[in-house]
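To begin, one chain is listed below as structure tokens, in the form predicted alone.
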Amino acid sequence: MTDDDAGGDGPSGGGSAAPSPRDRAFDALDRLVAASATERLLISGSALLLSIAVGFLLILVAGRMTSCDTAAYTLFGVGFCYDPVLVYDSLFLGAFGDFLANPLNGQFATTVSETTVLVFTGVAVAVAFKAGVFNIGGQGQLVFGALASALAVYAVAGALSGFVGTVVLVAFGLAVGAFVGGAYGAIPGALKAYADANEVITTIMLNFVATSVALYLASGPFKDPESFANQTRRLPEYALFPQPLFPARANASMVALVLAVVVAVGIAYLLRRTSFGYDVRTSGIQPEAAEYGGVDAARTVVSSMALSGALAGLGGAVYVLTIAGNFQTGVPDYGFDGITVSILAGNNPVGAVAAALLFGVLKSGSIIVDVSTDVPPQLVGVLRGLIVLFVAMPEFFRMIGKRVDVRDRLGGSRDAVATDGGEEA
């Protein structure tokens, strides 16, 4: 046997060996990284349909594992206790309520309010990602922004009233929330830029600091003396976001939603059309090359984290001025959900609006599934997680592929490529 014979060539002697499963996986990752916007949209849509199909089977299996007097769904002559069609109908369409009969119904208001806050936190995470920084501390920045906004607005609310009071107090509350959230976000940015501290660890730790300090303040010095709950005094109605469309008890404001969309578009413009945005994007793509080209990498990291924190703090202020009406401990995990929203959107600030809407629909629809079906809440949570997981995973792997040369790390021969931190195609 000659060396050529042992080389693994094909029968003709001129072909090459079939690619291994690992090479096929690398090729698939390469295609995913290079996918166009249209291809990514199709991938996300396919992933959504696949998640629904998997969830459909999961509901059927769970329905066979429980007992019931009458089958809710029958397939091929086999009865099941849970109806998957009803579950998904409630999950997706329940978020809009009876929209045709009453477009301003309470369920749709819940969807709007959830979407509004998630836009802010999703864009906040996207800004940090663009700069090559992982801001896991959006929840802490949101909590401090919410607390500061509630306290500051309550302190000055007595001096104003009426329409002027609404305009001034809402703007003041947003400014305070953004400032405090930005200052808190700048801390891990400075630690990373000047002390080389891992921002993932510092932001996670600062989340605990924020929630602990907020709990102390809301249960002690600033606690509402007339309430048993750990919360601050309630703000007057004229200090909250106006609700020109929804009824007063809906806790949703189209004004706040419009503000969220405007902020998302403004951030997209900032990142794409300004010198600051150029610095942020180049630092996220290749920090060494950016610094060689004159970009102050340390200052850019601090600035981007401060901006990210300001957006999260802005979300906290909107939460207080729209949904809660004061600061209450146990703020929902909008900051953590913002990470998923950003990944779903491919770190595109405008795309975060659509991703936040999907998240808002799922959160609001879950309430309808809980009250209108016998499906356990845990199973509803699994279904919601499946949808998010399936839709987010392709974009997540794409982000990893753009940042890490997997072939090089795992023994491949392809040269390293630059990344763009989730740049849209």
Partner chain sequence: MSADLGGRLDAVGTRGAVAGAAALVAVLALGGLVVAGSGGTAAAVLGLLFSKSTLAAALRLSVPIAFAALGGIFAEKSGVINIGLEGLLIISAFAGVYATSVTGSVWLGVVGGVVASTLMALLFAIVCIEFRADQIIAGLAIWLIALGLAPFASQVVFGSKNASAGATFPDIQQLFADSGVPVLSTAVVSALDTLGSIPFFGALFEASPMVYLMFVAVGASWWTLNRTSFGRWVRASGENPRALDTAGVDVSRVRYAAVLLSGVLAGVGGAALSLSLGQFVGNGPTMVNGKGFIAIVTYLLGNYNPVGALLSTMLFAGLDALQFSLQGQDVLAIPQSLVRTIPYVSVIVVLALFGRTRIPEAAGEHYESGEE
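Positions refer to the first chain, counted from 1. Here, rigid core means the biggest group of C-alpha atoms that superpose within 1.5 Å across both forms. This one's a predicted model, so the numbers in the text were calculated from it and none came from an experiment.
The form predicted together with the partner chain is left out here; the points below concern that form.
Proximity of Phe222 to the partner chain in the model of the complex: non-hydrogen atoms within 4.5 Å are absent; the residue sits far from the partner. Though the partner is left out of this view, Ala310 does not reach within 4.5 Å of the partner chain in the model of the complex, counting heavy atoms only.
In the model of the complex, Gly45 stays away from the partner chain, with no heavy atom inside 4.5 Å. In the model of the complex, none of the heavy atoms of Glu288 sits within 4.5 Å of a heavy atom of the partner chain. In summary, the region of this chain contacting the partner chain in the model of the complex, judged by heavy atoms within 4.5 Å and restricted to 239 to 247, 222 to 230, 280 to 288, 131 to 139, corresponds to 131 to 139.
Only one of Leu358, Ile52, Val388, Ile368 lies close to the partner chain in the model of the complex, with a heavy atom inside 4.5 Å, and it is Val388. Put simply, of Leu321, Ile339, Ala148, Ala256 only one has a heavy atom within 4.5 Å of the partner chain in the model of the complex, and it is Ile339.
In the model of the complex, the residues of 47 to 70 lying within 4.5 Å of the partner chain by at least one heavy atom are, in order, Leu58, Ala62, Met65, Thr66.
When two forms of a protein are overlaid on their rigid core, residues whose CA moves 2 Å or more are considered shifted, and Tyr88 is one of them between this form and the one not shown. Core-superposed comparison between this form and the one not shown: the C-alpha position of Val380 differs by no less than 2 Å. After superposition on the rigid core, displacement of the C-alpha of Leu60 between this form and the one not shown amounts to 2 Å or more.
Between the C-alpha atoms of Leu379 and Asp333, a gap narrowed by no less than 3 Å is obtained in the model of the complex, as opposed to the form on display.
Relative to this form, the distance between the C-alpha atoms of Val382 and Ile204 is reduced by at least 3 angstroms in the model of the complex.
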